[in-house]
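Encoded as C-alpha cells, the following chain is the form predicted alone, with no partner shown.
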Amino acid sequence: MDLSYLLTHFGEDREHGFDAVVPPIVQSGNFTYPTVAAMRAVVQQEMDRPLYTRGFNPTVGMVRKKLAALEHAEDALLFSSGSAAIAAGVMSFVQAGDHIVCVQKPYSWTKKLLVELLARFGVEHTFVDGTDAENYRRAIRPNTRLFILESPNSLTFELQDIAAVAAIAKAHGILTLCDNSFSSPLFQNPIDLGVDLVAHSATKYLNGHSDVVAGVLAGSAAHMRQVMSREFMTLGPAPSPHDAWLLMRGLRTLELRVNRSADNAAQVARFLEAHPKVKRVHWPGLPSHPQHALALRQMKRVAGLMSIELDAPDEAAVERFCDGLQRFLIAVSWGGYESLQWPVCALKGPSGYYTELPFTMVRLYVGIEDPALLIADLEQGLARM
C-alpha cells in the first residue's frame, strides 16, 4: 500500500462521515439499536462494532486500521498510554509461575511492570544485555513464556538483533514483544523481522504534536482479540475519541516530520561528536556507534533521539549547559515538532540519584526546526560550561 495513501486516506470511512475530508469525531460513549436482535449482534462483535466506547468507537477504529497497516500487522489496539499498551501486551500472555526475559535498561514503566507489579503475582523476570542475541537464549528457563525487546532503548541506545532474537524465541515456542517507539513504523518493522507483538508510545512520533498521550499494540488478529477480551476490557485503558482523532491528524504528516527530524539529528550528532566538551554521543546513526552496522541492516533510518555525555566537572556545569539552551525545552517525552532536552541530573532527589546513568548525560530530541539554529544553540550552551 502506498504510504501517503495509508497516512492520509486509508480507513477513513467517508461514506458514513458526510464525505468530509477530515472525518468527524464520534464523541459518544454509548450507542443505540433499533431492536434486541440488532443489539445482540453487536454484543457478539464488540471488538469491531460500537456498543460502548470503552470497547469500540468508530473514530478509534479508523486509527486502529491505519496503525495495523503501518506495522504490517493484522490488527492493532489503541490505548490511553504507551505504558498501558505494553502492560496489557505482557500481562495477557503470562501467568503466575511464568518467566520473562527482557532487555536491560528498558523503558522505566516496563521495568516497573516486571519488578514491582508482576513480581507480586509470581511472574519471574531476567534482564539481559541485548547487544548479544545469545544472551536471550542463555536466559531461557523451562517456564519462559515471553521475550521483551526495545531496539534501541531510549536512553543509551543499545540495539538488539531483532531477527536473531525472534528466531531464538520461535525455536523455543516463546512469544516476543518489541517496543518500537524510537523508530516509528516508518523506520523499522519488527513484525517483518519475526516479532509477534509491537508496542508504541503513540504520544511520540505517531501523534507528533505533544498534545496526546496514547499507546499502540499491534500483532495478529488472534493475539489482539485475546488482549481485547481480557486485559483491555477488564482494565479499561481506552483512549478518548478526541485523542484518537488528534492522533489521526498527526499521522497525516508523519512521513514529513520523522524524516525531517532524522535529517536534523544527523547534523546535530556530527556537530556534537566533534565538540571537545562532549565526551560521547549515543546515536546509532553515527559510524562510531558500536552497533552502527546493525542499525543500517534492520532500520531504514535512525530517528531523532540521542543522548550525550558532557565533559563536565560537576552538576553545576551540566546545569549551566541545560539552563542556557534556548531552543531545546526541558521536558520529558519526545517525538513532537519541538526540540527537547531531558537531563539525568534532574532525577536527583534528597537521597541521591534514582538512576545508574551518569549525571553528565543529557538526552536530546532533535525536532523539525532549522538545524543551523539548533546547532548554534548547542554551541552557546556548551560555551557556558
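Quantities reported herein were computed from a predicted structural model and do not represent experimental measurements. Start at 1 and count along the sequence shown; that's the residue number.
The same protein also has a form predicted in complex with a small molecule, omitted here; what follows describes it.
Practice task
Would you mind picking out the stretch of 173 to 181, 91 to 99, 122 to 130, 258 to 266 that comes within 4.5 angstroms of the small molecule in the predicted complex, counting non-hydrogen atoms?
Solution key: In short, 173 to 181.
Problem - Residue among Ile86, Leu247, Leu310, Leu159 with a heavy atom within 4.5 Å of the small molecule in the predicted complex - result: By the 4.5 Å heavy-atom cutoff, the listed residue in contact is Ile86.
Practice task
Could you tell me which one of Ser154, Asn207, Thr144, Gln298 places a heavy atom within 4.5 Å of the small molecule in the predicted complex?
Solution key: Answer to the contact question: Ser154.
Exercise for the section: Give a yes/no on whether Ala214 approaches the small molecule to within 4.5 Å in the predicted complex, heavy atoms considered. Expected result: Answer yes; at least one heavy atom of Ala214 falls within 4.5 Å of the small molecule in the predicted complex.
Handout entry: 4.5 angstroms heavy atom contact with the small molecule in the predicted complex for Asn189
Key = Result no; Asn189 lies far from the small molecule in the predicted complex.
Problem - Close approach of Asn135 to the small molecule in the predicted complex, 4.5 Å, heavy atom - result: Answer no; every heavy atom of Asn135 is more than 4.5 Å from the small molecule in the predicted complex.
Problem - 4.5 angstroms heavy atom contact with the small molecule in the predicted complex for Ser220 - result: The answer is no: Ser220 has no heavy atom within 4.5 Å of the small molecule.
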